[in-house]
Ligand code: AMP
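Read the single chain below, which is given as structure tokens and is the form predicted alone.
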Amino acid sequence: MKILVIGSGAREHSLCYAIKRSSLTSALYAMPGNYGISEIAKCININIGDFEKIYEFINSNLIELVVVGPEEPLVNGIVNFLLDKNIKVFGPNKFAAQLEGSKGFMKDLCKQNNIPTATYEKFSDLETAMKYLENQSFPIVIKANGLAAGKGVTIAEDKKTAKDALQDIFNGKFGPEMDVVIEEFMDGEEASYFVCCDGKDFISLESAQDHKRIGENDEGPNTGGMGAYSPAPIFTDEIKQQVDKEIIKPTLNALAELGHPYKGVLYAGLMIQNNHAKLVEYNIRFGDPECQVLMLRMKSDIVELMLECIDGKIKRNTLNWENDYCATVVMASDGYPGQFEKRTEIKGLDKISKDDSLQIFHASTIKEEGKVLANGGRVLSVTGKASSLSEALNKTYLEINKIDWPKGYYRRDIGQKGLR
């Protein structure tokens, strides 16, 4: 099959890595891709928001399957657009994509279906939201009600921080005309759980745990993710059964009853305390950096699974995984998630031998005049696999030490929660 992966991050690089290994793949394209992806797929420089141009490329190149990596085109309806033109596409339709695109939609669906999650209120103006804060206890969670690239969430320890977060959202820091969801703070440990859905049934992927904060010991502002490991020891079989029964199944049943059955990957961000999970949020695509560790561990054919989801008939009960641990550490431009310098040179990548237990997935790199340059905030995901989590982490950090990038930054404590 000729397959097109839409996106340009390390998530899409890891998806390309897994898709390339499928016996069904005859040609692989990425749009727009990045330098790392260009080593295994043909990169096409078309804006992923321009659906007509994307279709022109698909049509003229006889693409048989489209895999959508990032959330924005999904929320904007690319699946509906391509399905109307009889193109096979992996991902949820525009209505179902509201699970991520609208925090309010997701929270309302949880309330209507008794899905365990934090109590919340929605606000469409600053004054009412400010008044609500006056009678709340802290910490409290302030969320921009829309897509904010993982950065529109503030855990406010005090009233001033909460008010500043509200001001930022209503002043358009994360996008125009966003509402706000204010939630109770849930204590516990976070985990990420992924399932693939065919509109009726679902199959569980593995669990993972990511590290959202920029600083070590989980301090500082939120980022898109600074590292991850899989599986997550805290996500036990008992918790999985509870999540499947109380969170995943009611969500999928509700969407089917609304006439919009969910197809694609569904990512539940969970808060686990006292051996019980509550839903923090849904994402409608693979997480980044969790996708990187999942794709390095997956033994089953990812393309076969995607086609089964699209066709509405998952044929298997379980997937095959490497019986290993996998860890990824994100290397970011120094200063991220704030201001950072672009086009800084990265040396030493040629010293790293990549194989099925060690990969470097590129997020935002370009190559000019023989030099590899960082061109964004999160830049590389160095990903290692071994028989234990400590070995996987050691392998990953050993390879990072070979990379010569003075303008780069990474956390040195990824995976410590899992080791504990």
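Note that residue numbering begins at 1 and tracks the sequence as displayed. The model shown is predicted, which means the values in this text are computed figures rather than measured ones.
As for the form predicted together with the named molecule, it is not shown, yet the points below apply to it.
Chemist: Kindly confirm or deny that Met186, Met271 and Glu281 each have some heavy atom within 4.5 angstroms of the named molecule in the predicted bound form.
Modeler: Per the other structure, all of Met186, Met271 and Glu281 touch the named molecule.
Chemist: Going by heavy atoms within 4.5 Å, which of 323-331, 135-143, 343-351, 198-206 lines up against the named molecule in the predicted bound form?
Modeler: One stretch meets the cut-off, namely 135-143.
Chemist: So in the predicted bound form, does any heavy atom of Val153 sit within 4.5 Å of the named molecule?
Modeler: Answer yes; at least one heavy atom of Val153 falls within 4.5 Å of the named molecule in the predicted bound form.
Chemist: Contact with the named molecule in the predicted bound form for Arg297, defined as at least one heavy atom pair within 4.5 Å: yes or no?
Modeler: Close contact is absent here: in the predicted bound form, Arg297 is far from the named molecule, nothing within 4.5 Å, heavy atoms only.
Chemist: Is Lys263 part of the interface with the named molecule in the predicted bound form - any heavy atom within 4.5 Å?
Modeler: Close contact is absent here: in the predicted bound form, Lys263 is far from the named molecule, nothing within 4.5 Å, heavy atoms only.
Chemist: Indicate whether Ala118 is a 4.5 Å heavy atom neighbour of the named molecule in the predicted bound form.
Modeler: Close contact exists here: in the predicted bound form, Ala118 approaches the named molecule to within 4.5 Å, heavy atoms only.
Chemist: Go through Glu72, Asp179, Asp168, Glu190 and name the one with a heavy atom inside 4.5 Å of the named molecule in the predicted bound form.
Modeler: So the residue touching the named molecule in the predicted bound form, by this definition, is Glu190.
Chemist: Which pick from Lys163, Lys212, Lys94, Lys122 sits with a heavy atom within 4.5 Å of the named molecule in the predicted bound form?
Modeler: Result of the distance check: Lys212.
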